[in-house]
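Form predicted alone, single chain, as structure tokens, below.
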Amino acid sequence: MKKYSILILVFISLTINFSIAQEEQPAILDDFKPSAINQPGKEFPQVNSEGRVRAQISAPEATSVKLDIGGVKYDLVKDEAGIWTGESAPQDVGFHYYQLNIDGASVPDPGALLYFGACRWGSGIEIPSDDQDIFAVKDVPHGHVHEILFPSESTQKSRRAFVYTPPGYETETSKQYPVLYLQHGYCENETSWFRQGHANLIMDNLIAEGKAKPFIIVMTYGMTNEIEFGGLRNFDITPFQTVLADELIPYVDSHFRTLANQENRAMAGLSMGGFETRLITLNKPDLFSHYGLFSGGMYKPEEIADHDQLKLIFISCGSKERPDGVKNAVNELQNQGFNAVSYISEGTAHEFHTWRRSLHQFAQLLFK
């Protein structure tokens, strides 16, 4: 009887504690609005002021539907009409890839626009930020993004690149421009910087504000997705370095009005694109004078052979990545006499808003 009474007391205690814990859970703010990058006319997915994502899909025959975002899966709940609805935890501001998992099959959300990332064409969602004005479409002169095909003898095919030309390029026909070669990350491609990153809009706005010098941006596929995930040690930079240095750069210099010299050429990249940037700039110091690594590694002073011709080193990351490593690396470069700048994106991790902000800062320092 004594043991029975103790069990009852334990059960009551656990019940009370569970009830208190439930009461302490903050309610989800019900101020959800359609994502800014939904398919036209689609109400879902939605985002609230906490940064939670609410997904909804009609799947009457499904037995399980999950929202997969940020590497975490959230269960959706089915109503009597077969409509599944559910929310994520709060997400960092900026752009995120996500998908729906229906009975074990991962599929794009039919309500969202598609982007190439995570090695597939899939769904994307934008969590509003206080500084999204940097890539807003404004009433300012706009440049153009050109799709080009350039011959590549080394790969025995025509390869694709996108080229941003700044406002006035078509009308000021005697003017020549510096060039930034800007690389995407692993499991992305040559569309990523202007679709997810809004590189063209960032530049349009900076140029209109007088904060950046007009320059051309070239974005091409970095041949990075052809290795297995986690196989970075097996990545050989040589094939892409050949495409970039021996085929793409000469093509761009002969087909666009560029200032075709090292002093007026920059290279930068995000994540694995930064890794590529680091390798190529160290291998080919005669090609580039401005370097940018966005969440993509560090430079050490002893690695850089030609101090005099190097104009700028820019290294950045999100505050949720390795900010101390970035700051320490830049301090070491500065102590050795390099013009090095660090930038930390507050409140973000290894994600596109970190890299949008990085480009916004980097562009203001280029070719000055």
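It should be emphasised that the depicted structure is a prediction, and the values quoted were computed from it without experimental measurement. From 1 onward, residues are counted along the sequence shown.
Another form, the form predicted together with a further copy of the same chain, is not on view; read the next lines as being about it.
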Heavy atom within 4.5 Å of a further copy of the same chain in the model of the complex: which of 62, 28, 304, 312 fits that? Just give me the one. 62
The single option of 76, 201, 272, 207 touching a further copy of the same chain in the model of the complex, heavy atom within 4.5 Å: 201
Taking any heavy atom pair closer than or equal to 4.5 Å as contact, tell me whether residue 81 reaches a further copy of the same chain in the model of the complex. no
Taking 4.5 angstroms as the cut-off for heavy atoms, does residue 328 touch a further copy of the same chain in the model of the complex? no
Indicate whether residue 102 is a 4.5 Å heavy atom neighbour of a further copy of the same chain in the model of the complex. yes
At 4.5 Å between heavy atoms, is residue 278 in contact with a further copy of the same chain in the model of the complex? no
Have a look at 293-301, 87-95, 148-156, 175-183 and name the one stretch with heavy atoms inside 4.5 Å of a further copy of the same chain in the model of the complex. 148-156
Triple contact flag 211, 214 and 237 to a further copy of the same chain in the model of the complex, non-hydrogen atom at 4.5 angstroms: no
Of 188-222, which residues get within 4.5 Å of a further copy of the same chain in the model of the complex if you count heavy atoms? 194, 195, 201
